[in-house]
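Shown below, as structure tokens, is a lone chain in the form predicted alone; questions about how it binds or moves come after it.
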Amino acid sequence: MLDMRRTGGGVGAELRGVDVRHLDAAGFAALHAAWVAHGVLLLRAQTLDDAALIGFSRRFGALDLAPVQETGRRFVPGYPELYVVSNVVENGAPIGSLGAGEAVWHTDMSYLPAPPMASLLYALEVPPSGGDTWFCDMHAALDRLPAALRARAAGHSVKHDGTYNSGGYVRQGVTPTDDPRQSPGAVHPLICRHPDSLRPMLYLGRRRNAYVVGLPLEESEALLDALWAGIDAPEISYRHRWQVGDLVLWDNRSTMHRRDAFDAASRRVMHRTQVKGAAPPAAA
């Protein structure tokens, strides 16, 4: 039996006394069920090298290759699935991506036809303050919508922009445009059904350059603004203050996340993996 405690926020749970390197099949099945039920799982005091992080991540499914860094580089020779999130610069070159600035609310790589279903982030170095990660529950976000707004959203799909990453950097090979109707990206239903729990959820991805397909631009902007207005509600969110050794895994379908800025003079080094999505999000 896993020792599981709610985070105290509006989403997520902490599993205590678990070493993911030595989790048997029954223990992993219980952890997987907790992940589906709670959306975000925190496991503190892990001791993982890169091979162990990748090995544990693969228990959830096949892994995506790490996205290309803003400079065009990939990282960590021998571990193409490993993505380094860091502001550290060594020998004049960044060792990772996304810098020290704020990362706004988003779902990882929702601009793809089949976005990753899970992300895992492991803390190697953390700043003394700042750099906290926030999560919000998109099942609850849908449940909180006024009936009239939910009815407006029903049946619509959104094009999820692929121009910018979560740090605001232009993705390699993409030409920016300020017209959401012209930006690259995949189209997903606004209201989806979780493939495991079958619960309906709001699926927004990220706000910048999003477009509700088929609506005049002004109507699309107004609808999206109304839907995004409730995302910051404390009742559906959890603020994670990182410690070295923290491993956080989140359901990339039923949650969104963002990051607070931190002092660029401080070091923050995180290693991330992503589990491939099996299929595009399906309409509820």
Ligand code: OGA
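A quick note: this is a predicted structure, and the numbers were derived from the prediction, not measured. Numbering starts at 1 and runs along the sequence shown.
The following text describes the form predicted together with the ligand, which does not appear among the structures shown.
The stretch among 98 to 106, 194 to 202, 151 to 159, 181 to 189 whose residues place heavy atoms within 4.5 Å of the ligand in the predicted bound form is 98 to 106. Checking V85, V126, A140, V212 against the ligand in the predicted bound form, a heavy atom within 4.5 Å turns up for just one residue: V85. For the chain shown alone, Y238 is not a contact residue for the ligand in the predicted bound form, no non-hydrogen atom being within 4.5 angstroms. With a 4.5 Å cutoff on heavy atoms, T133 counts as touching the ligand in the predicted bound form.
Of the heavy atoms in H38, none are within 4.5 Å of the ligand in the predicted bound form. At the 4.5 Å threshold, heavy atoms of W242 reach the ligand in the predicted bound form. Residues are counted as partner-facing when one of their heavy atoms sits within 4.5 Å of the ligand in the predicted bound form; in 234 to 268 these are W242, W250, H257, R259, R268, in sequence order.
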